[in-house]
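The chain below stands alone and is given in structure tokens; this is the form predicted on its own.
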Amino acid sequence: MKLAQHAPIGVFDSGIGGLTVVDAVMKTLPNENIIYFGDTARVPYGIKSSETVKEYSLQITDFLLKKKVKMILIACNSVAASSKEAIQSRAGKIPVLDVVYAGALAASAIKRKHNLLGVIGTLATVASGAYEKSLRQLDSSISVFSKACPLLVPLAEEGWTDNDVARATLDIYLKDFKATAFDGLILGCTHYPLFKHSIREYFNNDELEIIDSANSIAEIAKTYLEKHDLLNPEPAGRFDCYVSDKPQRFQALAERFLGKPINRVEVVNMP
């Protein structure tokens, strides 16, 4: 099967967090058409079993394949941790990239004094040890200190990322990190970059690297498309957005987050 250059890139997440990946892809690959699916009816994924997440993920994969995407970006750490192999198997020859590997790759490249990296993520992502496994494959000398921060997802969905509630929640989750000498903090959930300013303010350490995988996965996607002659040569940049529930709320949050209007958010009823 020959993939078409003009075919869209499919991106999906459990909610709005994956728009961090969309934003990075738009900036890195401005000609590319993008289809985004946010599973807003079933968010959050991070507190669900790996079996349930896999079932949801394969349903969304089938939807994107019907849209004839040329690449799938898993913009959800919980999905990447539990379902990457199943998604790649379902996708066949369609390339599948994920935020866990992208984040680990970016983190392994930073300068390190202590050879210790912190990871914050959902319960499912932290329990899976996905970042530890990826980092170990890239550099076996790196140690990892992980912490599950499940309340950050609903706070992000509510838009509470830089207020007293957010700061109090971050203090509860991150105080153990303050007592640890580490080189970088991986934001192991695509919702968490919305807290980047508050996290930076909390640590008050300009040398601390805060790593989110959005830019990294966009660069990996660009490299792959260049190598396989799949870059869209036409100045298209169309963005189609689908959700499983609450399209008006999603559109309002997405437009605020991306900083530009979205023509339409369409609801898709999942099985």
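From 1 onward, residues are counted along the sequence shown. Since the structure is predicted, the reported quantities are computational estimates derived from the model, not experimental observations.
Omitted here: the form predicted together with a further copy of the same chain. The next part is about that form.
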- Looking at the partner-bound form in the predicted complex, is residue 201 within 4.5 Å of a further copy of the same chain by any heavy atom? no
- Message: in the predicted complex, is there a heavy atom of a further copy of the same chain that lies within 4.5 Å of any heavy atom of residue 182, even though the partner is absent here?
- Response: no
- Message: Check residue 95 for me: does it contact a further copy of the same chain in the predicted complex (non-hydrogen atoms, 4.5 angstroms)?
- Response: no
- Message: Please tell me whether any heavy atom belonging to residue 160 falls inside 4.5 Å of a heavy atom of a further copy of the same chain, as the geometry stands in the predicted complex.
- Response: yes
- Message: Quick check for you: of 102 to 110, 160 to 168, 87 to 95, 182 to 190, which stretch puts a non-hydrogen atom within 4.5 Å of a further copy of the same chain in the predicted complex?
- Response: 160 to 168
- With a further copy of the same chain left out of view, which of 240, 219, 245, 209 would have a heavy atom within 4.5 Å of it in the predicted complex? 245
- Message: Since the partner isn't included here, can you check whether a further copy of the same chain sits close to all of 41, 56 and 173 in the predicted complex (heavy atom within 4.5 Å for each)?
- Response: yes
- Item | Partner contacts for 125 to 160, taking a further copy of the same chain in the predicted complex and a 4.5 Å heavy atom cut-off | 150, 151, 154, 155, 158, 160
